[in-house]
Every structure is written in C-alpha cells, then in structure tokens.
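The chain that follows stands alone, in the form predicted alone, written as structure tokens.
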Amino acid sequence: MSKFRDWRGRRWVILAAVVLLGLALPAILDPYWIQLGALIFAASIGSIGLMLLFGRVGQLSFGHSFFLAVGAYSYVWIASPGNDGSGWGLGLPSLLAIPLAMGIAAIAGLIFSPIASRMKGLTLGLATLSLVFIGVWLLNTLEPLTGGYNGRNAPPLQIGAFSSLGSNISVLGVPIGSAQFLWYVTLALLAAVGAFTVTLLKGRIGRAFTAIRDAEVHAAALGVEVARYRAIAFTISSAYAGLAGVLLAIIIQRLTPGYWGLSLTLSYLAMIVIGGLRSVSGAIVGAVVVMGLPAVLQLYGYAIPGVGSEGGTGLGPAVVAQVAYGAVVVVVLMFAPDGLVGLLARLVPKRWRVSGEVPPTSVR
C-alpha cells in the first residue's frame, strides 16, 4: 500500500502542475492556440459524454451530433433577443441560457432513451443515425429558429464585465480578451464535468454501467435494472453533448446546419477510439488528437510533401487530417485497442503499480 500512497502523492503533484499550466498558458500563447484550446476543451466534454454511453454502457450511438446541435440551437433560441430580426429568441441572460440549453438536450435524450434502452449494438447505431438526418433536415427547415441554410449567429457569453466578444480587463497584469475568457470558461467546465464523471463511475451507477456492458444477462439476474440505467446513461450523455454544443456555438459564433452532420459524429467516435473507450482521460486525449491535428496541419502542413493550402495545389490540411486520424484509428485498433491512454498505462513503470489496484490512468 505504501507504493500506492506514493502514486497518490505523485498524482496530486501532477494534477497541481496541470492546473497551474492551464491557468498560465493563456498569458504566453498566441490567440490562435488559445482558441484552439477552448475548442478542444469544449469537444472533450462531448467526447466524455459519448465515452460514458459507448465505452461504459456499450450503447453504440451515431446520433451524438444531433444532441450537440440541440444544445447549440437551444442556446441561440434562449439567449437571442428575438427583436433584432434574426429569428426567434427569448432574450434571457447567457448564464441562464447555458443550463437551460443543456437541460433541453438532456430531455431530448430522455425522450429517446426508451428506444435506446431496448436496443443495442448496430441496431441502436442505425436508430440513432436517423436522428442525424432528421436533425439536419429540421435545421434547414426551421428558419425562424435556425436561420435555415444560411445559419444564425450565436449570442456571446457574458459573465459580469467579461465577454466572449472581448473586454479590456486585466487580471494580475494579464489581459483577458475573448480567447482567454473562453479558455478559462471551457477549462473550468471540463474540469467540473470530468470530476463529476469520475465520481459517478466510481459509485453504484458506474458499477451498474460496467455490469451491463460486460454481462447484461448476469447484471439483470443480480437485480440491475438494465433499461433504467441505459436511460440514465443516454440522458447524461445527451446533457454533456448539449453543453459541448453550447460552448462550440459560443466559440465558432456562426451556426450552419452542415456543421452538425454525420462527419461530426464520426469525429467524436474517433476521439474515444483513439484516446480510450473507457476513461475520461482517454476521451480528452482523443479530443486533443482529432481537434488539434487539423489545426497543426493548417499551419505546418506545407512542410509535408503533397499537402497544400486551402484552395491551392495539393490536398487541403483538413483532408489530410481526416486521413491521418483515420490511419491512427486503424493503428490503435490493431496495436492498442484500449486507446492511447491504455497504451500509456502499460508503459507506466511496474514499481508504481500495486497488485489488485487499478492502473493510474483508468477511472475504474
């Protein structure tokens, strides 16, 4: 046990270092990378939601982008003034609009959960896939709400004197512009979601999820209410997706229906496969790879033969990024089926491990 206590001590030191790094980076990074960090933090929240559903309960969902869109457009509807000619709006404060939009996404997941609780595997995947096509059709059709094909602007996030559109405020000599503000907000929400999820998975609900995933018949025989816990997982996953959709809307500012299609769902599936299907840390690592790779190629792809700028000769960075993380998915499935985080756990020195204890990078 002394070795395990040593690891726990190291873990808190590492956690403190990560927190300090997260607080300090906006003061030294270029705004481009700060905004990318905010996008990664927002995407990580949605990735954790899909990990919870697929990796922990075994419910394959191709409809994740639908719930992202529900959260994003619910926020637009609730926070927009409604009297500026842009479309429907309630004009509520953005701080109130965020939890309400998250709640609407959770309700959408709860409505669909009776179907999800009675299906599994590819059958559920096909059922949720229909949500994506229905969602894109609704986004193009409900113009007063969504702006139709041309899209609609997302209202900025306002917290006191701070705004996602920028402010002239400094904290400890560090100017807090729009990029820095979004970095801190998304990082704080990711930390809260991650901590809540880890706590959830370590408790009774998490054990029920694992039992259903590993042996559904045995779990039911032991008294686990399979349909109920599947509905809980689907609702929580939808709520996370809704929150991620709200944050993405605030960051990208302009919402168009094409963004919330099947390719977005596939990106989130790639996140949890690459990072690790069964851990919060794996979902975050996958988001870093999938969201960060196109941005890196956008800046430095010219150094790779055959990669050109957008509209120029050669393949565009976005296309190359999709091919690259598609190749990463194949490699991970072949050589590290438990994802990059699982691979890292196997590389942890054995002296840090204790027989019977969970590897440090796992949430189980």
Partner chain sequence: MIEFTSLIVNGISVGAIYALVALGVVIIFKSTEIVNFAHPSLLVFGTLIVATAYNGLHLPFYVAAIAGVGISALLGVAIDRVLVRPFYKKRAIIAAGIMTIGLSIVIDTLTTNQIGAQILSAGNPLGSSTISILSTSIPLARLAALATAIVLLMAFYLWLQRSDFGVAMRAAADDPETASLMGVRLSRVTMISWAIASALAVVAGIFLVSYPSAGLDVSVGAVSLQAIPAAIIGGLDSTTGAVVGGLAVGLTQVLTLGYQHQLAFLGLSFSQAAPYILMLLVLLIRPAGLFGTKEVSRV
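All values derive from a computational prediction rather than experimental measurement. Positions refer to the first chain, counted from 1.
The following text describes the form predicted together with the partner chain, which does not appear among the structures shown.
Chemist: Pick from 29-37, 291-299, 59-67, 43-51: which stretch has a heavy atom within 4.5 Å of the partner chain in the predicted complex?
Modeler: Comparing against the partner chain in the predicted complex, the contact stretch is 59-67.
Chemist: Checking a candidate spot here: are 118, 123 and 319 all in contact with the partner chain in the predicted complex (at least one heavy atom each within 4.5 Å)?
Modeler: Checked in the predicted complex: all three residues contact the partner chain.
Chemist: Would residue 133 sit within 4.5 Å of the partner chain in the predicted complex, counting heavy atoms only?
Modeler: Result yes; residue 133 sits at the interface with the partner chain in the predicted complex.
Chemist: Although the partner chain is absent from this view, report whether residue 169 comes within 4.5 Å of it in the predicted complex, heavy atoms only.
Modeler: Answer no; every heavy atom of residue 169 is more than 4.5 Å from the partner chain in the predicted complex.
Chemist: Taking the partner chain as it sits in the predicted complex, is residue 216 in contact with it (heavy atom to heavy atom, 4.5 Å or less)?
Modeler: Contact with the partner chain, yes.
Chemist: Would residue 185 show up as a contact with the partner chain in the predicted complex if we use heavy atoms at 4.5 Å?
Modeler: No, residue 185 sits far enough from the partner chain in the predicted complex that none of its heavy atoms falls within 4.5 Å.
Chemist: I need to confirm a contact call. Of 90, 266, 107, 100, which residue comes within 4.5 Å of the partner chain in the predicted complex, counting heavy atoms only?
Modeler: Looking at the other structure, the residue within range turns out to be 266.
Chemist: Which residue, 140, 86, 163, 210, is the contact with the partner chain in the predicted complex, using a 4.5 Å heavy atom cutoff?
Modeler: For this set of options, the contacting one is 140.
Chemist: Let me know which residues along 320-344 have a heavy atom within 4.5 Å of the partner chain in the predicted complex, or say none if there are none.
Modeler: In sequence order, 322, 323, 325, 326, 327, 329, 330, 333, 334, 337 come within 4.5 Å of the partner.
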